[in-house]
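Okay, here we've got a single chain as C-alpha cells, the form predicted on its own, with questions on binding and movement later.
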Amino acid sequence: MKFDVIIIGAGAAGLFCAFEAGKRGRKVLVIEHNAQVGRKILISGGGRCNFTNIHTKPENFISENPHFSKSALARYTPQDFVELVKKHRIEYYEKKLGQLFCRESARQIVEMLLAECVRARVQIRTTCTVKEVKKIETSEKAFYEIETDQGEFACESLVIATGGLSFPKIGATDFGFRTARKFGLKIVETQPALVPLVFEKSAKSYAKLAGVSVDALVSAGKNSFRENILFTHRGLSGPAVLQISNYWRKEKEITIDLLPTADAHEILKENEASKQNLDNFLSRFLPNRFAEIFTAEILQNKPVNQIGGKERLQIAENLNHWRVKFDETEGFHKAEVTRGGVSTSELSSQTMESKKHVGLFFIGEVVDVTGWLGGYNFQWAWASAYAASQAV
C-alpha cells in the first residue's frame, strides 16, 4: 500500500504531524506498535496532561546545539496549541509558572488529536510492529518501504516519532535510535532526564526523611531551580530535583538552599539568646519532621543560645548551601523524558528532515532536544511535528 507520508509512532508528535500533513492533502498512515495511541500523554501531568507552557523559549531546552529549536518553536507557539484546545472546548487552567493542564483529563488531548486525524482522513494502524525499514533508490526519486506484521507499505516521506527510552513499561523502545543509526545518523548519548536522583552510599541515613517535601533552591553549576524537593527512600525527587537532573553529572555535587528566602546565619545570630533547641527553632522555617531529623543527622541539636560563632557558621552553611552527592539516577523507568537522541547536526532545523536522506524526518523526543519540566517537552513535540508536517 502506498502513502505520501508514513509516521511511525502515535504519540504526541506523531499524531500532531499526521493531521497537519493530512490537512495539506497528503495521504497519511500512522503506525503504532502499542494497542492504544498516546499512552504517554494519558499518564502525563498526573493524568491531566501539562500540554504546554505559555513561557516557552529556546532557553528552556537542552541540546548540543542550543539554537536548533528556535525555528520550530517560533513557527508553532504555545498560543497556537491553546487555540486548538479551545476549538475542541477543552477546559484548562494554569497551575503555576506558565504550566497549562486539562481541567478534566489527559484523555481529552488524545481524543482531540484523534478527532483531528479523522477530519484529515489519516489512517492509523495500532498493534502494528515494524520489522524493517528500507530506502529504495530509483532513477526518478527515492522512497521508503516499511515491512510490518500487518503487511508492507511504501511512502515518499517517512517520519520517525517513536519517542525516547523513558517508561519502557508503556512501550518505549530504542526503535528511533536504531533507525537513525541504520541510516548513518549520529546519536548524542541517551540518558534519563527529569529523573529522581539516588544518594551516594554515605548519605543513606537521609532515607529517614522519605516523604518529606521542602521548598528549596537547587543548583548545579550555573543552573538553579526554586521549587519543592521530595525525599525518597533512595534519594531526592520533586520538581526542583527533576529539573536539575538534566544538568547533573556523576561525581558532581548539587547545592541545596533549604532556606531560599532567608540568611540562616543572620537568623541564628538575631536569635542567639533563644533557649529553644535547634530543631524546634528551625521548625519555624522548615517542616517539623525535616527540622527534627536534619538536625539530628547533620547538625547538632542543642539550645540556640549554646551555639558558638564557628558552629553557627557551619549550621548556616548546611542550611543555605547543603552539598549533596548522588551515585546515579533512578533510570529510564522513572525518567519523564530522554536526554540526547538524533543529533541536531543531522537535521534541518526548518523541517526536521535528514540532511543525508531526502524524505526521512525525525520529530519529538527522539531528537536531541530536551525541555525542562512543566509542559516544554509537549510544546517541542507540537512544534517539531508542525515543522515536519509542512515539508512532508
Ligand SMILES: Cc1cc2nc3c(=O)[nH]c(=O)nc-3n(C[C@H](O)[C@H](O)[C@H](O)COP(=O)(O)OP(=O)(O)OC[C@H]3O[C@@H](n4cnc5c(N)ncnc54)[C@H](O)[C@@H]3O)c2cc1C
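Note that residue numbering begins at 1 and tracks the sequence as displayed. Since the model is a prediction, treat every value here as computed from it, not as a measurement.
This next part talks about the form predicted in complex with the ligand, which is not shown.
Looking at 231-239, 173-181, 75-83, 151-159, the stretch with residues near the ligand in the model of the complex, meaning non-hydrogen atoms within 4.5 angstroms, turns out to be 173-181. Contact annotation for residue 22: none of its heavy atoms lies within 4.5 Å of the ligand in the model of the complex.
Using a 4.5 angstroms threshold between heavy atoms, residue 31 counts as touching the ligand in the model of the complex. Using a 4.5 angstroms threshold between heavy atoms, residue 336 counts as touching the ligand in the model of the complex. The ligand is not shown here, and in the model of the complex it never comes within 4.5 Å of any heavy atom of residue 5. Heavy atoms closer than or equal to 4.5 Å to the ligand in the model of the complex belong, across 271-306, to no residue whatsoever.
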